[in-house]
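This document starts with one chain, in the form predicted on its own, laid out as C-alpha cells.
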C-alpha cells in the first residue's frame, strides 16, 4: 500500500514530474481557451460555461480516480493532504476571490497561462496578485485573528454530512450532470451561437448516463484499507488464515537473550503501550501497518516480527494485514500481553499453558512429548519462568528509563490550487 508518486520515484524526480505535469496543465488550459479573460467572465454573465464544465469534469475525474485507486490499494488516501478549514477566512476569501474573478476575468492558473503567451491583462492580473500577497504578508498581524478563527481541521464533506465517500461521489456526479444540463439551457438562451450550439444531444445523454453508472459503482467501492480491516475482523477469516505463533516462553527467552532477529510489534493503543510495554517493542496500531514509515522495520526479511496485543485476536488482525502487504516472518504472541504478564513477568503458578486461540492442534507421534517426560518439562519450564520473571522486570524497568526514539512519520505534503 503506497501513495503512487512518493514510493515509485525519488523526491528529486518527483519535482521533475511536477514540472512536467505543470507544463501539461498550462498547455491544456491554453488549448481550452482559458487564457482569455472572456472565458472565465462568461460563467458570471451566462454566455459561456466552459470553465464550469471543465472544473466539474476535472473534479469528478480526480475524485473517481482516487476512489478507484484507493479501492485497488494503489493509492494511500491517508497520505493525501487536506487543507485545514478556517471558516471565517474561507468565507471572506471566497467573496474576495469571486469579485476578483469577475473584475479581472482570470483565476490564478489561467492568469499565469495568459501571461505565458503574452497577454497584457493577464500580466496586470498576476502583478496585482503578487502585490496583494506582499501587502497581506506585511499586514498579517492585523488579519491573524480572522485568518485563524473558527479552525475546524481537515474536513471532508462526506464526513461532515455523515455519508460514505461513495455515496457522496454519486451525489456530486449527479450534481455535475444536472449542472451540465442547466448551464446548456441557460447558455443557449443567453447566446444561441455559444459553445452549447454544437452539442449533440444524443451523445451527451449517453455520456451523462455513463457517468451516472460510474457513480453508482463508486457507491459500492470501499477503501482498500477499510476493506482489509473489515476482512480481518471476521472470525471465520481469522480461522481460515493461520499465522505463525510464538509462545510466551520462547519470546521471553529471545528477549532476555537480546536476540537481534526478533522485533516486537505492539498493536495496542498508545495509552496502553505507555503503561506497560515489552523491552524493545515498537507501538504500531493496526491501521498504521499500511504506512510506509514502518516498511523498513516490517520489511526485514530475516527478522521475526512478533505482533502482540492484550487480545491475541487483535494482534492476529494486524499480522494478517502485514502478511497481506508482503511482509515475511510474521508471528503472533499466543495469549497476548495478558498471558505473557501472567506466565513470565508475574510467574503465576496457576497459569495454564493453553494453545493459541486459533491454533489447530493435532497429535503427532513424532513431536508429541512422551508421558514420562511431561513432569521433567514442567519443572524446566517452572525454573525458566522464575529466572525470566526477575530478568524481564529488570529489562522493562531499564527500558522505561531510556528515551526511545519514535518512528518519524512523514509529513503530508501541503499544497493546493
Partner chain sequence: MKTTYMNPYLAGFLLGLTLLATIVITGRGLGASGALKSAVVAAVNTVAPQHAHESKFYAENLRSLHENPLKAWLVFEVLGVVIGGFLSGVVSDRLAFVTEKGPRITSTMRLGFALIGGLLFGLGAQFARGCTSGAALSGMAVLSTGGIITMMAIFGTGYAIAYFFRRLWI
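Positions refer to the first chain, counted from 1. Since we're looking at a predicted model, the values are computed, not measured.
Below, we turn to the form predicted in complex with the partner chain, even though it does not appear here.
Counting only heavy atoms and a 4.5 Å cutoff, which of 308 to 316, 268 to 276, 235 to 243, 128 to 136 contacts the partner chain in the predicted complex?
That would be stretch 128 to 136.
Looking in the predicted complex, is the partner chain within 4.5 angstroms of a heavy atom from every one of 97, 119 and 156?
Checking in the predicted complex: 97, 119 and 156 are all within 4.5 Å of the partner chain.
Heavy atom within 4.5 Å of the partner chain in the predicted complex - residue from 327, 331, 224, 168:
Among 327, 331, 224, 168, a heavy atom within 4.5 Å of the partner chain in the predicted complex occurs only for 168.
Could you check which residue among 320, 337, 113, 298 gets a heavy atom within 4.5 Å of the partner chain in the predicted complex?
The option sitting close enough to the partner is 113.
In the predicted complex, residue 12 touching the partner chain (heavy atom, 4.5 Å)
Contact check for residue 12: yes, within 4.5 Å of the partner chain in the predicted complex.
Verify the contact flag for residue 93: yes if a non-hydrogen atom of it lies within 4.5 Å of a non-hydrogen atom of the partner chain in the predicted complex, no if not.
Close contact exists here: in the predicted complex, residue 93 approaches the partner chain to within 4.5 Å, heavy atoms only.
Quick one: does residue 188 come within 4.5 Å of the partner chain in the predicted complex, counting heavy atoms only?
It does not: once the partner chain is placed as it appears in the predicted complex, residue 188 has no heavy atom within 4.5 Å of it.
According to a 4.5 angstroms non-hydrogen atom cut-off, is residue 303 in contact with the partner chain in the predicted complex?
No, residue 303 stays farther than 4.5 Å from the partner chain in the predicted complex.
Residues in 182 to 212 with any heavy atom within 4.5 Å of the partner chain in the predicted complex:
Read in sequence order, the residues that approach the partner chain (within 4.5 Å, in the predicted complex) are 184, 199, 204.
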